[in-house]
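What follows is one chain in structure tokens, specifically the form predicted on its own.
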């Protein structure tokens, strides 16, 4: 019987979402680390798995799949023991979750990932910081947070699109926002502090997926400490 292989780097927001999802739902897997900082995603061995050269990707026997949202929806559908709330069979609810996921990449992810990279993370990847791009990305990020606060969390439930239990969209978006743990505390508070619903929602998703959420996210705090030590030496 084939083993599900996850090709991931825990520094990757969507990689963490998939690992957490599997752990929470008791899906057995082998974690294959693709170290982005060392450029392992560009090696031919990995491109045999994902020709796009990006993580995450999965392999299950001869089946290959990339793109985190596609992977999450596949895993939710392919494993009958996964509770329905993660990716509901009700088509109207599923469509609403898909709408969040489609929105995510060109809004929240575009803002958050670029802000973290250009304000803080770039040196880890051998790149230079870009304050101007960080400022532009912060505007996209804050607009996205405002939309989550006023629209996606505008419902009776405490999760996205008014749900009372988390979906794959909640996990994907919160893992995105967790990347902000790397940046300076005052900057993170300046950006997130005004969004009360968003802050509570992050805590609710953590609570619903712990202890695995904290376990998989621990790498962020290690990288933050490393960056702080490097900065102190300058």
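Residue numbers count along the first chain shown, from 1. Worth saying up front: this structure is predicted, and the values here are computed from it rather than measured.
Omitted here: the form predicted in complex with another copy of the chain. The next part is about that form.
Relative to another copy of the chain in the predicted bound form, residues 66, 70 and 91 are all within 4.5 Å by at least one heavy atom. Look at 171 to 179, 185 to 193, 44 to 52, 199 to 207: in the predicted bound form, residues with non-hydrogen atoms within 4.5 angstroms of another copy of the chain sit in 44 to 52.
Using a 4.5 angstroms threshold between heavy atoms, residue 96 counts as touching another copy of the chain in the predicted bound form. Although the partner is absent here, residue 115 sits far enough away that none of its heavy atoms falls within 4.5 Å of another copy of the chain in the predicted bound form. Of the heavy atoms in residue 159, none are within 4.5 Å of another copy of the chain in the predicted bound form. Proximity of residue 106 to another copy of the chain in the predicted bound form: non-hydrogen atoms within 4.5 Å are present.
When you look in the predicted bound form, the only residue of 78, 129, 125, 135 with a non-hydrogen atom within 4.5 Å of another copy of the chain is 78. Interface residues of 110 to 147, taken as those with a heavy atom within 4.5 Å of another copy of the chain in the predicted bound form (partner not displayed), are limited to 147.
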